[in-house]
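Next up: a single chain in structure tokens, the form predicted on its own.
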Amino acid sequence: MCKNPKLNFIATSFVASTIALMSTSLLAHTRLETPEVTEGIRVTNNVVIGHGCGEKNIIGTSVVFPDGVDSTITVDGAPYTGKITDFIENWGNLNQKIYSTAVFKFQDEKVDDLGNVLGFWAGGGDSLPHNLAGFIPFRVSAATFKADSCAASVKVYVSVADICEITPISGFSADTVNLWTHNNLGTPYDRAVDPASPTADDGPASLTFKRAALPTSCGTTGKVVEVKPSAAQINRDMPIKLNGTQVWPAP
């Protein structure tokens, strides 16, 4: 029995802190290290993988940014039928993968026919231990807001799949893949709905671009823009292809 109250307090605090840290780690969603950036500023960012599939290690990750073409866009909560470039002029190649073998050996960008980066993937080599966080680096280039836009911010939802086992879509489960995605797009990659919060859609990570200064004609508050990918884009861009051959999900 510890007779020193100070030592006893320190020991108790240490145990409590360790338990809290372990709980936080186990519950951590995959998110971006820097979720907000200001117009005109380039940032080195990371996708932060929080944990594995239970006690299974992560062997790869797939990341998709909305292309802004057939995406669902809202302005102050109301549907908008235009494109993301109505707000951010240089959206196409803002997010680019930074080469790093710190976690996974292989990696590449996902691009459209014009070479615009729609996402990236990384995998192979050593796996990421299930109880550790992993950083997958990418660069966010300096965004340029369209001059005549009154957008004060543009929030894009980033879909991520952390893979623990290569399976066909029929093999998706909590033991094989962590899906940090929307739960209401109607794709095989949708995150499962939480019965405790059936209306919540908090799976994806997010990246918010903040306006440096609003035009005086827009007033003081400006518009809040949000962008999420279409089901068609997720079905097209979430799979991982290596040298033109799809490696995940398994055929």
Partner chain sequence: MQRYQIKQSTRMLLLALSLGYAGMSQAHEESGVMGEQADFLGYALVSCESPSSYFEAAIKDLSGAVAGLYVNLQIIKGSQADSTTDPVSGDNDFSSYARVDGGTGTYQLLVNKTAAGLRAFEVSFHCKVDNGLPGGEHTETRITVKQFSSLNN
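Residue numbers count along the first chain shown, from 1. As the structure is a prediction and not an experimental result, all values here were calculated from the model.
Separately, the form predicted together with its partner chain exists; it is not shown, and the next lines address it.
Query raised in the report: Among the candidate residues N131, S141, S100, T72, which is the single one with a non-hydrogen atom no more than 4.5 Å from its partner chain in the predicted bound form?
Result: Flagged contact: S141.
Query raised in the report: Quick one: is N93 in contact with its partner chain in the predicted bound form, heavy atoms, 4.5 Å cut-off?
Result: N93: yes, in contact with its partner chain in the predicted bound form.
Requested in this report: Look up in the predicted bound form whether A78 has a non-hydrogen atom within 4.5 angstroms of its partner chain, and give yes or no.
Outcome: Contact with its partner chain, no.
Query raised in the report: Looking in the predicted bound form, any heavy atom of T85 within 4.5 Å of its partner chain?
Result: Contact check for T85: yes, within 4.5 Å of its partner chain in the predicted bound form.
**Report entry** Contact label in the predicted bound form: L242 to its partner chain, heavy atom within 4.5 Å
**Finding:** Output for L242 is yes: heavy atoms within 4.5 Å of its partner chain.
**Report entry** Contacts with its partner chain in the predicted bound form - residues in 49 to 64 whose heavy atoms fall within 4.5 Å
**Finding:** Read in sequence order, the lone residue that approaches its partner chain (within 4.5 Å, in the predicted bound form) is I59.
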